[in-house]
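Here you get one chain, nothing else, as structure tokens; it is the form predicted alone.
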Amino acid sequence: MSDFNVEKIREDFPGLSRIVNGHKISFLDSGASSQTPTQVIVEMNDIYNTHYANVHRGVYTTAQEISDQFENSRKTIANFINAKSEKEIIFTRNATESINLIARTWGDANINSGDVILLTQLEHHSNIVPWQQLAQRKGAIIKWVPIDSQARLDLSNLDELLKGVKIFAFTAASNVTGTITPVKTLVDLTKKAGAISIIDACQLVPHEKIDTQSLGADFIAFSGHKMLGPTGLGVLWGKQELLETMPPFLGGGSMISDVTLDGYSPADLPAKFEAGTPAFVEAVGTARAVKYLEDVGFDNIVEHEKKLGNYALEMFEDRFKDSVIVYGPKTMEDRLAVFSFSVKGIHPHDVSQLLDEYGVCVRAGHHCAKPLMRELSADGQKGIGATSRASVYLYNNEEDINSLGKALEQAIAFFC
């Protein structure tokens, strides 16, 4: 990590300079949305200030400039995940829409009554509800890969579970426990079973490099706002041969090659799935965020976050062993630095509010993963309603973890 300087990196994030309730902010909620560096903000502001126009609709200079910049952003993101072609990159509003797109197009066209959809107990609601809706529409059956006591996937019965499966949709990393799943193994077994694999990569893409061609998956979804980019931009990558067979998701402008009084014919990829005015400023911002991450280097990011993750795990173990339950794998070997925890005797929302008094930002709630919450155990009882969650990113440092520890001590002293 010779080129990695976290204090220098922090200077790029204006949000980290805030003082909240008299304390320097410790932003530990990047799992929800990351902070945005100045470089991304400047890139997006430049569009609004100097060459803002709608894309693919004008032949004048400004329109051509932003249209080229928009499509270059698609190429940047395609290269980022090593897609075979930029035609495989579909811009959506968010990863939730990306997954719904698959369910409503490929799913409606290929799933029939009695077919099996396989999910895991680690999933975010965005990778559960669209498949439940598909199952309701088509009479399909949903099965589940269970988790073990450390919230890792229990793959002991996976071969049996994959029998007859048409879709296996799974997360690359849990937004609750930080568990990193064995993505390549799951994709290979899915392919062997004759099913398609769909990866919710929202939590992993910001932290580790993903190579679509090496993985061999069929679809991958992620969002810009968790990887230093703006809100409002999701990415769906799909194999071109699959995308070409799928009907359009939404109808309207841009997604057609022709419209008559009797019907329409869809445009070629990727426009076929991008009805209406796209989030072109957000696409440019996300591409700039990709460049920022690549300039820092993913090897550096992984090493830094694992170091901070170990520091946090040691803190929880040394100072809060009897008062705080941390969910998920016990080591950083197969997890991200995402820590959902319960403070005994204190509701997670109360914990979060009191931590905010010390400038520490953590999330509290069920994290859009209620089925997983019902599988986690606290004090020997299975099922919890909510947790507090601290999630680390490249701009965090040991001081942030120390601030979390000090604020937790104050919360425990106050309530207990």
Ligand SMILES: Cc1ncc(COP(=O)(O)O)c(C=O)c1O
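Note that this is a predicted model, so its numbers are computed, not measured. Each residue number is its position in the shown sequence, starting from 1.
One more form of this protein, predicted together with the named molecule, exists but is not displayed; see below.
Every member of the trio Thr96, His124 and Ser223 reaches the named molecule in the model of the complex with some non-hydrogen atom inside 4.5 Å. Using a 4.5 angstroms limit between non-hydrogen atoms, Cys202 touches the named molecule in the model of the complex.
Remark: Leu134 does not count among the residues lining the named molecule in the model of the complex, judged by a heavy atom distance of 4.5 Å or less. The closest heavy atom approach of Ile180 to the named molecule in the model of the complex falls outside 4.5 Å. In the model of the complex, the named molecule sits within 4.5 Å of a heavy atom belonging to Ala173. Stretch-level contact analysis of 223-231, 246-254, 105-113, 284-292 against the named molecule in the model of the complex, using heavy atoms and a 4.5 Å limit, identifies 223-231.
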